[in-house]
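As structure tokens, the next two blocks hold two forms of the same chain, structure 1 and structure 2.
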Structure 1
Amino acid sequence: MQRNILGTRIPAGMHDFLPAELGILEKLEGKLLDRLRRWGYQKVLTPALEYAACVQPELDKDDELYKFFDRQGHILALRPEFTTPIARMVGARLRTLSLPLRFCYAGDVYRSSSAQYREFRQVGVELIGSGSALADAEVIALAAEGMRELGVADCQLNLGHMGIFMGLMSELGVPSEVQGALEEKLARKDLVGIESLVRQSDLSDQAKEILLKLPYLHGGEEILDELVRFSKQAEIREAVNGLREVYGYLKDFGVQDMVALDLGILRGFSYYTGVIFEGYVPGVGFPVVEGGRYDALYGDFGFPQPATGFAIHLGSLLGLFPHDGLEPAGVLVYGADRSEVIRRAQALRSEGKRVEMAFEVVSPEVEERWVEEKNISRVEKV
């Protein structure tokens, strides 16, 4: 049967991985997981399909979910991230373990709202059971070390705090509809949209001045001093003090050179409650690292615990690494005696070599072409 044109395509936002590309992806994933395990994080895996009721409340936009019905009429969804499924798993099965819990993961997540990536590989961690600033610093430092492990030394981690934004909204009396629009534009770094929204609002001139400064409060500890000069609210001062403490620990971890404070960042999931951070690399127009504290999430699963973590968007980093050609097959074995070809190939494989076996005798011209196309390092004729 001849397939129609859709049978030759893949859906928007999905990706095929050729051998070289997949080899790079798996190599990067292995490096990251090795680093995470050295920090005491154990790997877990949750199902790709969850009940929609589990993951749906955590997305700002319901249309980001891929939804299905099972035969009993339950609404299922492909996981859009790992944090909520792991919270569900811990609340259901791991309550008796000693805290804090340190878990890591690697797997694909699915979001229908993105044009470029709708299925993408995430590698990340969840640190459950500690509300200390040192726990925040640990996951941020680990994210920084993870990027160094991959050889992405020019990654910039921007550090903020949800309490600052929420405190300002309360202190300045920002209406809910303006707050919602401002959140959306801050998350997208839409500076023109922010200015238009704020200037057209009914807020006081002082409130407008403060909100227009917010996206530009980026740098070192001096921006915290600037923030406390125009805010006396306890929630904001508590957030500022927390950021100072975390920032100091990052110096002890030796990663402060990769971190800048950015009081205008917001995360796209509703569960974040405290310190938040994003990682950017040149040439990629969106965050490749996303993380922060989410102290209220575990209460939704009947197991109230503070928690923090991060995820690295691994697929978006592939373009930073060369992957021309296939991984070397190592040795090509061929000959007229097929039994002897099999025996020789098996002997080489038992020595740990990668071996490709030809099914027929190959001509010198074919041998030359295969060596080039398959990147073979040695040919044996038996």
Structure 2
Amino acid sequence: MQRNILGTRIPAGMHDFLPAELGILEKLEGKLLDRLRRWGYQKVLTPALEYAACVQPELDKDDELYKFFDRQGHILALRPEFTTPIARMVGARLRTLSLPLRFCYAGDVYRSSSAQYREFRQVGVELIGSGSALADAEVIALAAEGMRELGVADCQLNLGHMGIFMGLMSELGVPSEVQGALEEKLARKDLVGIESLVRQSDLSDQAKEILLKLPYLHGGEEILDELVRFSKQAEIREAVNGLREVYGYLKDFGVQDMVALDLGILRGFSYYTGVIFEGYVPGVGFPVVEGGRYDALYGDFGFPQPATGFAIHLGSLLGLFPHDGLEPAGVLVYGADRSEVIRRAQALRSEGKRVEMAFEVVSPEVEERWVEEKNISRVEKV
């Protein structure tokens, strides 16, 4: 049937990959997965369709899921990320394995409100069953190595900690309605809103000062000293010590030069509970790496375990690479005797060559065009 206008298009935010571009994507993905496997991460894959109750438990929240109904009337959703589906999978099927578990993944995720692509490739890891600072350091170092492996040497990873904001809230005795408003503004990165909220509050001057300063604490270990001077609170001490330990290990891993401490990473209050990090690349307006510790998520699936991980947004990085990902040049075989053409082509293939057969005898002009278009280095007439 002749397609109508809609039938010849693709939905907003979707993307066709032609050979050259797909070649790049797969090359990058292959490099990354190799690196992740070398650190002991095993690849898993969860389905593209999940129950919405798994990936978005708070259905009343304004979300960015693609949702569908199945025949029984249940709400299904395309996965918006891999961390939650992997938690579901581990909680349901892998509880008896020895901890920690190391899994990696590569696949497309779907977000209907995303400014860029709405279907994009993520490659990432989950490290499940360890709350140690070394586990945090391992995934951060692996993210850094992964970015180096991709050839994005000027990637910068910024490292923060969710416990510092939460600790400040309880230390300063911030009333819960103010905390809620602050979290909302923090998630929107609305520093103007935070400033006016804090200034209008009944908090002490010292509390106001530290809250207003928090988004600007950025640099090396000296910012942790600065924070500790402000606060005696246990949760903050713990967060600061955790960050110090992680930062130290990153030196041992040889990636500390790519990492900055940054207490101003403004993240909505998602599932993250401890160390969080984001990776940036000059020229890409969105974070290309997102990760951190999420110690409460596995409890939601009846298997309370600390966990940490990251995802690299491979799709956002594609623009940094020239689209020359074509297969290595091949051989074109043609001739008048078709049986002979088949035998020659098969013989070359068994030697590992990439071979295309022409079904007819081709003219020199056609030959010339194919050599150009199909990246062919040799033509054999048999």
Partner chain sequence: MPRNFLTIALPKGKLLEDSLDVLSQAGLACRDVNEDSRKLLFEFPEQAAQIVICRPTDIPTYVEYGAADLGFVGKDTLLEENKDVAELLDLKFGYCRFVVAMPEEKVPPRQADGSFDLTSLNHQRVATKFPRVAQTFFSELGMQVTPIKLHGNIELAPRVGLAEMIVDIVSTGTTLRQNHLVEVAPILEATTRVIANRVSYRMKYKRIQELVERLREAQGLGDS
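Computed from a predicted model, the values in this text were never measured in an experiment. Throughout, residue numbering runs from 1 along the sequence of structure 1. Under this definition, the rigid core comprises the largest set of C-alpha atoms superposing within 1.5 Å between the forms.
Of the two forms I pasted, which one is the form predicted together with its partner chain: 1 or 2?
That would be structure 2, which is the form predicted together with its partner chain.
Rigid core aligned, does the Cα position of residue 306 differ by 2 Å or more between structures 1 and 2?
No, because once the rigid core is superposed, the C-alpha of residue 306 moves less than 2 Å between structures 1 and 2.
Would you say residue 230 moves between structures 1 and 2, meaning its CA shifts by 2 Å or more once the core is fitted?
Shift at residue 230: 2 Å or more after core fit.
Taking the rigid core as reference, does the Cα of residue 198 move 2 Å or more between structures 1 and 2?
Yes: residue 198 shifts by at least 2 Å between structures 1 and 2.
After fitting the core, how far does the CA of residue 180 move between structures 1 and 2, in Å?
Comparing the two forms, residue 180 shifts 5.2 Å at C-alpha.
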